[in-house]
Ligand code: CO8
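Here's a solo chain for you in structure tokens, the form predicted on its own.
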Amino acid sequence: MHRAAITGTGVFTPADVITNAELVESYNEYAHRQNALHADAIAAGEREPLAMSSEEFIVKASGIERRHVMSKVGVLDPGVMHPLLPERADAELSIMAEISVKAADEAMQKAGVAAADIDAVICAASNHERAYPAIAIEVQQALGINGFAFDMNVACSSATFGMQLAADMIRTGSVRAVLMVNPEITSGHLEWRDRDCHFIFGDVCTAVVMQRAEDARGGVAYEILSTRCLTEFSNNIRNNNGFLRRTREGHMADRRDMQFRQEGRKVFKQVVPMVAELMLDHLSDEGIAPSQLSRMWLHQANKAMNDMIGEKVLGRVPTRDEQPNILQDYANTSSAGSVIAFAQHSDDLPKDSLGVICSFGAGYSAGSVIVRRM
């Protein structure tokens, strides 16, 4: 059995930024227009008026201050309220493949590897812009990588599940190196017209190079000591869009359930103990005490949720150094969140430092990856 290691990370951050102030202004204008349009029904008690949003509400509910998106024009237009991304010809590189290549270039450079060194490409993300051909195969071709590639989706846990899969392939000897990309254009599935969730998501792409530990030749490397995944079915985070949509009556309607929706309070109540227990059991089975952890790179969905998970794992409130957050600048970027935190807050730890990369989300799904600085 070979040892697997993370040898390089990359992050592509879109140039467009939407602040909470901009978001609130556009949403409130949309809400005012809707309330005026349906004034008679609201006055008759037949319809509830749309509530206004505020910067204070967003920060208190999530800890988010801004988010990056591929295109902000449509999102901030009260008459549109969604991204406007031009369709590309089949011969052009798709938008998800394009941002994957940019993140991959950085990760491969940090790992000190070339295309010829990579045996497999995994595109692990919560949404894919098409069913086939796989985005991963398109990325493989764009980078000039041989071997094989495939897409996978485990919602917000896609990256940690991808790490487990890549680590298993490396350990068994079927590959020497894997490139995993996580192109998350979550602005496309967010319902920007819903006050309770219009602030949650942002766009980004992360990339991770994983190799046999003995092949590591980049500047920073973390051995993957152990991985663990968990799933439990729940409808509390759901999106009903899909290729069968046109087979159902009313498929052309602008239905709310065709975008992201969640029962936030139920998710918080159910996911926090599930994730904390997963991490604690995983550490215990590996003979590692929580006090031995130097850092936890958690899924960046909600600051209060992360704070509570961190406290349950450590038995005390974690410091910012022990549990870094990038949520305030990126918002929830689905599977990429914990990878961004790892990429931006891992170079400073000394040799033999222990940490956990953990993600959780729809499914429910949760992934825990214990790593040690080499």
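As the structure is a prediction and not an experimental result, all values here were calculated from the model. Residue numbers here begin at 1 and follow the sequence given.
In what follows, reference is made to the form predicted together with the ligand, a form of this protein that is not presented.
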Problem set entry | 4.5 angstroms heavy atom contact with the ligand in the predicted complex for V317 | no
For this session: Flag N332 as yes or no: does it have a non-hydrogen atom within 4.5 angstroms of any non-hydrogen atom of the ligand in the predicted complex?
Result: yes
For this session: Considering only heavy atoms, tell me if R295 and the ligand come within 4.5 Å of each other in the predicted complex.
Result: no
Exercise. Would E129 count as a contact of the ligand in the predicted complex, using a 4.5 angstroms cut-off between non-hydrogen atoms?
Worked result: no
Problem set entry | Listed residue that, although the ligand is not shown, lies within 4.5 Å of it in the predicted complex (heavy atoms), from M308, A61, A31, L349 | A61
Problem set entry | The unique member of N302, S71, Q140, T227 whose heavy atoms fall within 4.5 Å of the ligand in the predicted complex | N302
Exercise. Want to guess which of 274-282, 114-122, 188-196, 240-248 is within 4.5 Å of the ligand in the predicted complex, heavy atoms only?
Worked result: 188-196
